[in-house]
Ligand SMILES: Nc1ncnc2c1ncn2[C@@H]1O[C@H](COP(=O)(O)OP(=O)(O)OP(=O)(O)O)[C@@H](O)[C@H]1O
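Just the one chain here, the form predicted on its own, laid out as C-alpha coordinates.
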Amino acid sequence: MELVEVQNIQKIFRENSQAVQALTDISLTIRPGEFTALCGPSGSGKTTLLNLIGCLDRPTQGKILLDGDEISRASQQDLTKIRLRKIGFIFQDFNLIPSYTALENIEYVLWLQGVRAAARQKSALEICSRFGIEKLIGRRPSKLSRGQQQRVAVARAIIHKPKIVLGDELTANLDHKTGADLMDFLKKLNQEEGMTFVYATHDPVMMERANRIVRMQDGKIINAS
(Lines give C-alpha, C1' and ligand atoms only; values in the text may rest on other atoms or scores of the structure.)
Protein backbone atom coordinates (compact mmCIF):
# COMPACT_ATOMS: atom_id res chain seq x y z
CA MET A 1 0.00 0.00 0.00
CA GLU A 2 1.27 3.47 -0.89
CA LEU A 3 1.75 5.85 2.01
CA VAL A 4 0.95 8.94 -0.08
CA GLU A 5 -1.02 9.08 -3.31
CA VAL A 6 -1.28 12.42 -5.12
CA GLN A 7 -3.66 12.20 -8.05
CA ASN A 8 -3.88 14.89 -10.76
CA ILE A 9 -3.48 17.79 -8.35
CA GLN A 10 -3.87 21.42 -9.30
CA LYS A 11 -3.37 24.36 -6.96
CA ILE A 12 -4.39 27.90 -7.83
CA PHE A 13 -3.76 30.90 -5.58
CA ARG A 14 -5.44 34.28 -5.84
CA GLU A 15 -3.10 37.27 -5.74
CA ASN A 16 -4.49 40.77 -6.31
CA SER A 17 -7.51 39.33 -8.13
CA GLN A 18 -5.18 37.34 -10.38
CA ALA A 19 -5.14 33.55 -10.57
CA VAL A 20 -1.68 32.05 -10.06
CA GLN A 21 -1.25 28.40 -11.02
CA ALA A 22 1.17 26.95 -8.46
CA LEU A 23 0.75 23.25 -9.38
CA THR A 24 -0.46 21.70 -12.62
CA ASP A 25 -1.61 18.07 -12.96
CA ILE A 26 0.71 16.66 -10.29
CA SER A 27 0.60 12.91 -9.66
CA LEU A 28 3.00 11.20 -7.28
CA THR A 29 3.19 8.21 -4.94
CA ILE A 30 5.38 7.84 -1.85
CA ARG A 31 6.00 4.39 -0.38
CA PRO A 32 6.73 3.68 3.29
CA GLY A 33 10.44 4.04 4.07
CA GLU A 34 11.33 6.37 1.21
CA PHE A 35 13.90 9.15 1.65
CA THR A 36 12.71 11.45 -1.10
CA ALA A 37 13.93 14.89 -2.18
CA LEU A 38 11.70 17.33 -4.04
CA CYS A 39 14.15 19.35 -6.13
CA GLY A 40 13.77 22.41 -8.28
CA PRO A 41 14.33 26.16 -8.41
CA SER A 42 12.46 28.66 -6.27
CA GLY A 43 8.85 28.88 -7.46
CA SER A 44 8.81 25.35 -8.88
CA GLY A 45 6.05 24.26 -6.48
CA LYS A 46 8.05 22.19 -3.96
CA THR A 47 6.76 23.92 -0.83
CA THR A 48 3.20 24.04 -2.13
CA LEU A 49 3.25 20.28 -2.72
CA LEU A 50 4.68 19.67 0.76
CA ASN A 51 1.95 21.81 2.31
CA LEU A 52 -0.73 19.79 0.52
CA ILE A 53 0.72 16.45 1.60
CA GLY A 54 1.11 17.84 5.13
CA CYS A 55 -2.56 18.86 5.45
CA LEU A 56 -1.63 22.54 5.72
CA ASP A 57 -3.57 23.39 2.57
CA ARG A 58 -6.05 21.85 0.15
CA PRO A 59 -5.73 21.35 -3.60
CA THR A 60 -7.94 23.29 -5.99
CA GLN A 61 -8.53 20.09 -7.94
CA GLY A 62 -7.45 16.48 -7.61
CA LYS A 63 -7.16 13.98 -4.80
CA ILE A 64 -4.63 13.17 -2.07
CA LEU A 65 -4.59 10.08 0.12
CA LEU A 66 -2.35 9.76 3.18
CA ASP A 67 -2.09 6.33 4.78
CA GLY A 68 -5.41 5.42 3.16
CA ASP A 69 -7.26 8.56 4.31
CA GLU A 70 -8.42 11.07 1.70
CA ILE A 71 -7.14 14.41 2.96
CA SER A 72 -7.96 16.59 -0.03
CA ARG A 73 -11.56 17.15 1.09
CA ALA A 74 -11.27 16.54 4.83
CA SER A 75 -12.61 19.07 7.34
CA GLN A 76 -10.21 21.35 9.19
CA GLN A 77 -10.89 19.38 12.37
CA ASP A 78 -10.00 16.10 10.68
CA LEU A 79 -6.89 17.63 9.08
CA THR A 80 -5.70 18.79 12.51
CA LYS A 81 -6.13 15.27 13.89
CA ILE A 82 -4.25 13.74 10.94
CA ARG A 83 -1.37 16.20 11.35
CA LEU A 84 -1.08 15.38 15.05
CA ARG A 85 -1.15 11.61 14.56
CA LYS A 86 0.59 10.96 11.28
CA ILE A 87 2.82 13.87 10.22
CA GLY A 88 6.05 15.38 11.51
CA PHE A 89 7.22 18.78 10.27
CA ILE A 90 10.74 20.23 10.16
CA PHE A 91 10.55 23.86 9.10
CA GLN A 92 13.31 25.95 7.54
CA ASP A 93 13.16 28.52 10.35
CA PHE A 94 12.65 25.76 12.98
CA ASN A 95 9.43 27.32 14.43
CA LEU A 96 10.52 26.69 18.02
CA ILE A 97 8.49 28.44 20.71
CA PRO A 98 10.81 31.14 22.15
CA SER A 99 9.45 31.01 25.70
CA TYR A 100 9.72 27.21 25.94
CA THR A 101 12.83 25.25 26.87
CA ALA A 102 14.26 22.74 24.44
CA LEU A 103 12.57 19.94 26.38
CA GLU A 104 9.20 21.72 26.36
CA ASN A 105 9.48 22.34 22.61
CA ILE A 106 10.16 18.65 22.01
CA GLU A 107 7.22 17.65 24.20
CA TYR A 108 4.84 20.05 22.48
CA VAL A 109 3.22 17.64 20.01
CA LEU A 110 2.63 15.10 22.77
CA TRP A 111 1.03 17.87 24.86
CA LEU A 112 -1.31 18.65 21.95
CA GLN A 113 -2.17 14.95 21.79
CA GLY A 114 -3.17 15.01 25.46
CA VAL A 115 -0.33 12.79 26.68
CA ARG A 116 0.19 13.10 30.43
CA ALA A 117 3.12 15.16 31.70
CA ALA A 118 5.18 12.29 33.12
CA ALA A 119 4.83 10.18 29.98
CA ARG A 120 5.63 12.96 27.56
CA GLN A 121 8.65 14.09 29.59
CA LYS A 122 9.96 10.51 29.67
CA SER A 123 9.64 10.27 25.89
CA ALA A 124 11.29 13.66 25.39
CA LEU A 125 14.21 12.82 27.67
CA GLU A 126 14.76 9.52 25.87
CA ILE A 127 14.87 11.20 22.48
CA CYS A 128 17.19 13.95 23.81
CA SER A 129 19.62 11.27 24.99
CA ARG A 130 19.48 9.59 21.62
CA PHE A 131 20.10 12.88 19.79
CA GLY A 132 22.95 13.81 22.12
CA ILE A 133 21.23 16.99 23.28
CA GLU A 134 20.40 16.03 26.85
CA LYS A 135 22.59 18.86 28.18
CA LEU A 136 20.47 21.41 26.29
CA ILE A 137 17.05 20.54 27.69
CA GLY A 138 16.80 23.57 30.00
CA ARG A 139 17.88 26.13 27.41
CA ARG A 140 15.52 28.30 25.41
CA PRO A 141 15.97 28.60 21.62
CA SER A 142 17.82 31.93 21.88
CA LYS A 143 20.57 30.14 23.84
CA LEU A 144 21.03 27.40 21.24
CA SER A 145 23.17 27.41 18.10
CA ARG A 146 21.50 26.98 14.71
CA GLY A 147 22.56 23.34 14.60
CA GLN A 148 21.26 22.72 18.11
CA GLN A 149 17.94 24.37 17.26
CA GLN A 150 17.64 22.14 14.23
CA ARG A 151 18.22 19.00 16.32
CA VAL A 152 15.53 20.12 18.75
CA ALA A 153 13.19 20.71 15.79
CA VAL A 154 13.93 17.23 14.41
CA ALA A 155 13.35 15.64 17.82
CA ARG A 156 9.99 17.40 18.07
CA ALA A 157 9.06 16.26 14.56
CA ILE A 158 9.58 12.55 15.26
CA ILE A 159 8.74 12.15 18.97
CA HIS A 160 5.19 10.98 18.21
CA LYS A 161 6.45 8.43 15.64
CA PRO A 162 4.68 9.90 12.62
CA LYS A 163 3.97 7.99 9.43
CA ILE A 164 5.85 10.63 7.41
CA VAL A 165 8.23 13.51 8.15
CA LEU A 166 8.17 16.55 5.87
CA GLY A 167 10.96 19.12 5.65
CA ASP A 168 11.37 22.38 3.76
CA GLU A 169 14.92 23.50 2.89
CA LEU A 170 16.30 21.91 6.07
CA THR A 171 19.89 23.04 5.56
CA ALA A 172 19.21 26.56 4.25
CA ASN A 173 20.17 28.22 7.55
CA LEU A 174 23.06 25.90 8.41
CA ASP A 175 26.73 25.83 7.48
CA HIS A 176 27.94 23.02 5.22
CA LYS A 177 29.23 20.71 7.96
CA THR A 178 26.19 21.15 10.22
CA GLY A 179 23.87 20.57 7.26
CA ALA A 180 25.74 17.42 6.20
CA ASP A 181 25.71 16.11 9.77
CA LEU A 182 21.96 16.71 10.01
CA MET A 183 21.28 14.85 6.77
CA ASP A 184 23.44 11.92 7.86
CA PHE A 185 21.45 11.75 11.08
CA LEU A 186 18.09 11.78 9.25
CA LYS A 187 19.36 9.14 6.84
CA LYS A 188 20.30 6.97 9.81
CA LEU A 189 16.75 7.28 11.18
CA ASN A 190 15.42 6.32 7.78
CA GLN A 191 17.67 3.28 7.42
CA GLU A 192 17.43 1.96 10.97
CA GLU A 193 13.77 2.61 11.66
CA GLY A 194 12.22 2.82 8.20
CA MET A 195 11.02 6.36 8.89
CA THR A 196 9.66 8.04 5.75
CA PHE A 197 11.08 11.45 4.83
CA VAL A 198 10.04 13.82 2.05
CA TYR A 199 11.86 17.14 1.86
CA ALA A 200 12.14 20.09 -0.49
CA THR A 201 15.62 21.28 -1.40
CA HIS A 202 17.97 22.74 -3.96
CA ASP A 203 21.03 21.84 -1.84
CA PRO A 204 23.36 19.27 -3.49
CA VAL A 205 24.25 17.84 -0.04
CA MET A 206 20.60 16.96 0.56
CA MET A 207 20.14 15.61 -2.95
CA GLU A 208 23.11 13.24 -2.47
CA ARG A 209 21.47 11.68 0.60
CA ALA A 210 18.13 10.96 -1.14
CA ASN A 211 17.28 7.50 -2.43
CA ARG A 212 14.75 9.11 -4.75
CA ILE A 213 14.69 12.53 -6.43
CA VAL A 214 11.53 14.16 -7.74
CA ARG A 215 12.39 17.11 -9.98
CA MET A 216 9.93 19.98 -10.31
CA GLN A 217 9.75 23.01 -12.57
CA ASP A 218 7.03 25.60 -13.09
CA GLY A 219 4.55 23.73 -10.93
CA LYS A 220 5.02 20.40 -12.70
CA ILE A 221 6.93 17.19 -12.04
CA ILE A 222 9.42 16.75 -14.84
CA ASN A 223 11.10 13.61 -13.50
CA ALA A 224 10.45 11.23 -10.61
CA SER A 225 13.32 8.70 -10.59
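Everything numeric in this text was worked out from a predicted model, so none of it was measured. Heads up: residue numbers just count along the shown sequence, starting at 1.
Missing here is the form predicted in complex with the ligand; even so, the following discussion is about that form.
Using a 4.5 angstroms heavy atom cutoff to the ligand in the predicted complex, all of 13, 43 and 47 count as contacting. When the ligand is considered in the predicted complex, residue 67 lies well away from it, no heavy atom lying within 4.5 Å. In the predicted complex, at least one heavy atom of residue 22 sits within 4.5 Å of a heavy atom of the ligand. The ligand in the predicted complex comes within 4.5 Å of a heavy atom belonging to residue 169.
Mapping the unseen interface onto this chain, residue 215 falls outside it, with no heavy atom inside 4.5 Å of the ligand in the predicted complex. Only one of 184-192, 171-179, 155-163, 47-55 lies within 4.5 Å of the ligand in the predicted complex by heavy atoms, and it is 47-55.
With contact defined as any non-hydrogen atom lying within 4.5 angstroms of the ligand in the predicted complex, 202 is the only contacting residue in 194-225.
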